[in-house]
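In the block that follows, a single chain appears as structure tokens, in the form predicted on its own.
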């Protein structure tokens, strides 16, 4: 029992959202539309959160856009897909809750704030066609280009992303040959969009939610850092923040919604909660686990599922805010033709064109040697790859900085330079080149996942978009770093189906809600499917806002009754 009420409050609202990503913004919008006053607090000087850093994909089975295209799907099918791939780490009710409410939340925001979405054509589920209930297209959605000038004074306070081509839609990217063939894109479209500041991908999605808040005149305060919750007995009634170096007390009559993403910029949390050693991060510096610090004060329970490990690299000279190095994800480049990923033995250890294969393999421990045999690791490629394809921000044909990687005139010399087993790497490249001749990778089935062929391959190569031999010197090697999951974390706060934080007594903590990446991923378990994260933020915000405003959804119970659960 805690009682730490201030002598006076500096601001008051029914619902207080901490964090200005999709979860916090959607909670404020929904609470307002259900008759409650709301306010959004943001630590940094820019709004949009990790939502704005993403590719903007929103993965929702059973959505109405797919239905309009004649694609047969349902929320129940999506639930079965997630459940089948969760490996038992998820909770059935949490998975079903997300499945049944995501299509409803999508339609709600389209109707209420003018969110404009469309289905991304040709983009399949990760595990299509290998898993039952997977689909070839229809579940991935993206926002139509958003005219950022309509944000007024907030136009340049709303984040854009250094990681994604935010002036192009997915369909335009795919129609121009995919990420691999960036050099062939129609840059006149990109130029026109940039000149008008029409935003696509994550920056566009976040901007729609920011506009929804602004249109409702919901206060959106930046430079406000939440320090601790204010609790009256067993109920959260507000928070103490700091603003301009002074205490700033905000009263929440109906609830506080914590939606601050993950903890990956906190090395201690990354190691002890996420089991990742010294990961780098692609997100903004403030993503340090504030949700755990805040909710922990009120006794919130924490749960974890398997990590979303990634790999990344830093192009010398590239920085993001506050002089922090800009780390880029290696995902789109590892599965390109003329490229392999190898460990210190010089061996491939995964399907480079399917990051779920790569990143689970990183976590393997050899009990005989008590080592991670697949880390450290290197991307190895030849001059054909440099002539044809981008590598991070390096365009085809652009010279690779010496600080980024190592160059040699033979595979053997390259292995010797980077400290990898010479015979192992030579044998690996020789075997891989043979697979490229046949178009079949018998070791790791590279190129057999359509998602990987589209996102990590060259669709112009036949018969396998992900295979191409390493033949042409000079050869290159880039040592890769462990990277946290871009805001997607292993551990989070446990929540019920209304997104109320749950205590260690398994009871809801009155007045405390969580949304987005602050919530334990019990609604997908061991599975990560791109687009789930943005869908979770939108759905959690919708559910938390409704409940806090006194209008909770009863859809989950109806669906459980229908399914006999």
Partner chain sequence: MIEAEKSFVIGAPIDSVWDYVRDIGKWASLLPGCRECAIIDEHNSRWTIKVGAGGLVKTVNVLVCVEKWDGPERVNFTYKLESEPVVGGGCYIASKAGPQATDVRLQLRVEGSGPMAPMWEAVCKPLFNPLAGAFTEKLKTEIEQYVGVPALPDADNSGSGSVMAVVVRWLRKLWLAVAGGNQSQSLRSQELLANKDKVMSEQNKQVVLKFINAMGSSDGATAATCLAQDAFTLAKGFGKFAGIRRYDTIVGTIDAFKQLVPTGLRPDIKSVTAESDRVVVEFEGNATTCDGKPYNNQYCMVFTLADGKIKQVNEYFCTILAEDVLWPLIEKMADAIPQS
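Numbering follows the first chain given and starts at 1. Computed from a prediction, not measured in an experiment: that's the story for all the values here.
The following text describes the form predicted together with the partner chain, which does not appear among the structures shown.
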inquiry  = Using a 4.5 Å heavy atom cut-off, which of 320 to 328, 412 to 420, 221 to 229, 295 to 303 contacts the partner chain in the predicted bound form?
reply    = 320 to 328
ask   = Using 4.5 Å between non-hydrogen atoms, is residue 278 touching the partner chain in the predicted bound form?
value = no
message = How about residue 166 - does it come within 4.5 Å of the partner chain in the predicted bound form, if we only consider non-hydrogen atoms?
response = yes
request  = Determine whether any heavy atom of residue 396 comes within 4.5 Å of a heavy atom of the partner chain in the predicted bound form, and answer yes or no.
outcome  = yes
query = Heavy atoms within 4.5 Å of the partner chain in the predicted bound form: does residue 148 have any?
reply = no
Whether 160, 183 and 194 all lie within 4.5 angstroms of the partner chain in the predicted bound form by heavy atom = yes
remark   = Residue within 4.5 Å of the partner chain in the predicted bound form by heavy atom, from 89, 187, 249, 360, is 187
